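Given next, in structure tokens, is a single chain: the form predicted alone.
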Amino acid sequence: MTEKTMSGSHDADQDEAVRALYEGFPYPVVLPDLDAVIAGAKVPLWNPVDSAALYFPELPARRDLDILVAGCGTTVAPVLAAYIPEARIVGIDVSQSSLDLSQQHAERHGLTNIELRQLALEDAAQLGKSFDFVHCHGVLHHLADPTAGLRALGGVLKDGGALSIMVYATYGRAGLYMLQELCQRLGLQVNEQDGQKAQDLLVQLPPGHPFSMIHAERQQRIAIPEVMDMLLHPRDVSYTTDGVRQLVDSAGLKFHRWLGQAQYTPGLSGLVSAGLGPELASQDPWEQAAIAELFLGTLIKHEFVVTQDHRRTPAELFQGDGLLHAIPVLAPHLIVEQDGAVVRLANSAHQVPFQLSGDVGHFAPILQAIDGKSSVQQQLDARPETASSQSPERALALDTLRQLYFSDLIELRVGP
């Protein structure tokens, strides 16, 4: 974990400074098109219905979820309420201005399955409710004690529930932290005038500045609320993969999986082409994740799932014969492009683009068999060339399914 603070120690004054920033400059400032969300034309990333297998692989997908959006800001709670009308959404935030915008957005679209309250996420127990799914993206890293915040959210999970977490990543934000220090040295404060100065500063950045990993378009003016959130925030903590592990362990919870696990799987990266496959194979999953983060260098956030300690992880569920009994599901943001006899597969939810390509004749039967109902074994048994447990075609198909899974192109549920 790396900490960047713009003022003093972790105390009540700094908590108030964080709240005041979002009261004066609610963020995100651009509200999404809820009509497109309601119509299903815009699918929220990693949502707990379409990607239910990421959070609840032991269970079939369901829509009647109790969902807490912790640190909901201006957009997330109404988006989930619009996309999953059967769910019951509770959004909490320290900023009343942000909650007011969320409420206006919800009322404008007639959403009745949403409740909004001004409450710090550390005090989530005061809601007197428990939840199947807790969404907390972009919030823990602004707390005085992120571990206490995560522990509090774990305390309102129903048995078998899941937390979806996003925290800032250290290495990919290096250019932003340089600019935070620059603004601090210049004495810029959280006000409209200094926000405009910081906005103009970004336009004048020289070509090649590391900030371009976050915003590639230097000449496009960034909205002042976003500038405030990035450059003038009173409290900003970032994490490496090792820091994520420490955060989850110290909260007394269990790391379930990464969202976008391809980005933490160095066996899918150029390190293998560099002849480092044997060295990678000898590393445990956490060390592999750290290696992948260092090699990519551009991850600006870590998204991951946390559960109670008694729940089994996907690594435990789908190892060995567990894959044969799993039910594969196509990833909701799967992109399939065909160029003659070659097919290219990718997931648009990735921060760093990953692509799996190969012969259409090989991939097509595997992908076409995925119906969200039958198990891997049933799908392989149904094809003459893969029906025999000893056939090389079956072994190749299993290897391909593993590649598809670790590349986030399919998701896996536990079969009957």
Ligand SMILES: C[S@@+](CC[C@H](N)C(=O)[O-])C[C@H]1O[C@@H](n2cnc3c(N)ncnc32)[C@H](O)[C@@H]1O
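As the structure is a prediction and not an experimental result, all values here were calculated from the model. Note that residue numbering begins at 1 and tracks the sequence as displayed.
This protein has a second form, the form predicted together with the named molecule, left out of what is shown; the following refers to that one.
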| item | value |
| --- | --- |
| Proximity to the named molecule in the model of the complex, single hit among 137, 105, 173, 311 (heavy atom within 4.5 Å) | 137 |
| The unique member of 365, 358, 44, 28 whose heavy atoms fall within 4.5 Å of the named molecule in the model of the complex | 28 |
| In the model of the complex, segment of 345 to 353, 380 to 388, 66 to 74, 45 to 53 with a heavy atom within 4.5 Å of the named molecule | 66 to 74 |
| Contact flag, residue 18 vs the named molecule in the model of the complex, heavy atom cut 4.5 Å | yes |
| Contact of residue 98 with the named molecule in the model of the complex (heavy atom, 4.5 Å) | yes |
| The named molecule contact in the model of the complex: residue 132, any heavy atom under 4.5 Å | no |
| Proximity of residue 247 to the named molecule in the model of the complex, heavy atoms at 4.5 Å | no |
